[in-house]
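One chain follows as structure tokens, the form predicted on its own.
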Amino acid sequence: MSDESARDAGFDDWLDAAETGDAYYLECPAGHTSLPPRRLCPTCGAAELDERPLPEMGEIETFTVTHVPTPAFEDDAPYATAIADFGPIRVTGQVVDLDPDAVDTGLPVELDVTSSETTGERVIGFKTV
């Protein structure tokens, strides 16, 4: 994004960290986890949130293949959106390096920041390993 005023400070900062291999999740004192941007734990409301390094590898738990997308993703279709388990946290993203029909549960993945073919905006993606 070239217009800094359009940045979503919490989310874009997280994407910046993920692009450099420094992705993280947030954990409250009670052990609840979430992804930024957050100011409070979404489970218990705690204001103390510590950054923890996101594990390098996750595993696809579930996915769906979109053939008829919204206009915001029309040039990206078909694509697979997956939820991957990274241990203490689950992350949702697009599987970017595999034909959508080849995506399956149990596939090991790494976090990847990619761009939407439709909008050019950065999105969370997964690469299979």
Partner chain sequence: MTGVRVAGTGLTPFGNAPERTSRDLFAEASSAAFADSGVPREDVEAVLYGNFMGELAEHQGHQGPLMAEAAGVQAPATRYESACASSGMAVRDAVMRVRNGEHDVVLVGGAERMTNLGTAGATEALAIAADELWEVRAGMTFPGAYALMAKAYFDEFGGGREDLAHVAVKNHENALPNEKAQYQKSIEVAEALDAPTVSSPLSLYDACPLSDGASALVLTSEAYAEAHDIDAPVAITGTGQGGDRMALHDREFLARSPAAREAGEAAYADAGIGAGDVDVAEVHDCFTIAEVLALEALDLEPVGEGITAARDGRTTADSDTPINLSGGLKAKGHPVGATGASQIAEVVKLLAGTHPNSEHVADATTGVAHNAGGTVASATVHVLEVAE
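Numbering follows the first chain given and starts at 1. A quick note: this is a predicted structure, and the numbers were derived from the prediction, not measured.
We do not show the form predicted together with its partner chain, though everything after this point is about it.
Practice prompt. Could you tell me which one of Ala46, Leu98, Ile83, Met57 places a heavy atom within 4.5 Å of its partner chain in the predicted complex?
Written response: By the 4.5 Å criterion, the partner-contacting residue is Ile83.
Worksheet entry | Residue contact check: Cys28 to its partner chain in the predicted complex, 4.5 Å heavy atom | Although its partner chain is absent here, Cys28 would stay clear of it in the predicted complex, with no heavy atoms inside 4.5 Å.
Worksheet item: Thr20: heavy atom within 4.5 Å of its partner chain in the predicted complex?
Response: No, Thr20 stays farther than 4.5 Å from its partner chain in the predicted complex.
Practice prompt. Answer for Ala102 alone: is it within 4.5 Å of its partner chain in the predicted complex, judged on heavy atom distances?
Written response: Contact with its partner chain, no.
Practice prompt. Indicate whether its partner chain has at least one heavy atom within 4.5 Å of a heavy atom of Asp75 in the predicted complex.
Written response: So Asp75 does not count as contacting its partner chain.
Discussion item. Suppose contact means any heavy atom within 4.5 Å; which members of 56-78 contact its partner chain in the predicted complex?
Written reply: Result: Glu61, Thr62, Phe63, Thr64, Val65, Thr66, His67, Val68, Pro69, Thr70, Pro71, Phe73.
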